[in-house]
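Just the one chain here, the form predicted on its own, laid out as structure tokens.
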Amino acid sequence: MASLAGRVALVTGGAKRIGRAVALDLAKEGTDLIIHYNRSSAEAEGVAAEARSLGVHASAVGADLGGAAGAAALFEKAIGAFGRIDLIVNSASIFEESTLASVTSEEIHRNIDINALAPLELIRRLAAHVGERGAAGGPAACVVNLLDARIVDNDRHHLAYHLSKRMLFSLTRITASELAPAVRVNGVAPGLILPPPGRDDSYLEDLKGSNPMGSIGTLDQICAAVRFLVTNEFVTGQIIYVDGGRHMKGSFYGT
């Protein structure tokens, strides 16, 4: 298993929620951090400060990932901060309600831009960066994309979001195949972990019977899955569902 000590990670959406938890978990393993944020600058600076208290280097970097230019600018800022990137965790996303009857093309494009195309741009730039710096005898660069356990089902209340996460699922497999062995690409698909913004824990309690385990997951369990994927050098193209088995309850897409 590869050590994370001394490696440099870019965590998008690292100021809040799952991104924050993953960033601090990596810091505990000795990983230097670039914490990306869009508008949550104070929260991102707080995460960076907490990471530094754990003995690693950490910086907060702002960028709007609503287009390829924003992702490109973020990557260059991250390189400027530490000179290298070894690991990317694509956690930044938007989660908007939309249905087949109501969704607009603008909503679909916005969700795809942030939830799928920004990660793609970062992955491609990481691959180019690895190629430019050449083989150093260490482990491959690594990417972990945060997906959603509902990508195997029909999320009728979040159509634009669902389409974007399905795209990111496909991009995870495609990039894993095409960028190996220099870059490993995997995904983690959380189930019931945190309520959506604006909702409380009763939202999760009402839904916990929807998974075979009949329970709610934790941020620590997501972090453990990410940690496994970034340290196991023989795993690429894999999706780990941290969802209490919810993905097994039928498959809308037949996969």
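Start at 1 with the first residue shown and count on from there. As the structure is a computational prediction, the values presented were derived from the model and not from experiment.
Here the subject shifts to the form predicted together with a small molecule, a form of this protein not shown in this document.
- Shown without its partner, this chain lists Leu163, Ala92, Leu117, Ile123 as candidates; in the model of the complex, only Ala92 has a non-hydrogen atom within 4.5 angstroms of the small molecule.
- For the options Leu54, Ala68, Ala224, Ile193, the residue carrying a heavy atom within 4.5 angstroms of the small molecule in the model of the complex is Ile193.
- The small molecule is not shown here, but in the model of the complex it comes within 4.5 Å of a heavy atom of Gly19.
- Remark: Ala48 does not count among the residues lining the small molecule in the model of the complex, judged by a heavy atom distance of 4.5 Å or less.
- With a 4.5 Å cutoff on heavy atoms, Ser215 does not count as touching the small molecule in the model of the complex; it lies far away.
- Using a 4.5 angstroms threshold between heavy atoms, Ser40 counts as touching the small molecule in the model of the complex.
- The stretch from 173 to 181, 100 to 108, 125 to 133, 141 to 149 that comes within 4.5 Å of the small molecule in the model of the complex, counting heavy atoms only, is 141 to 149.
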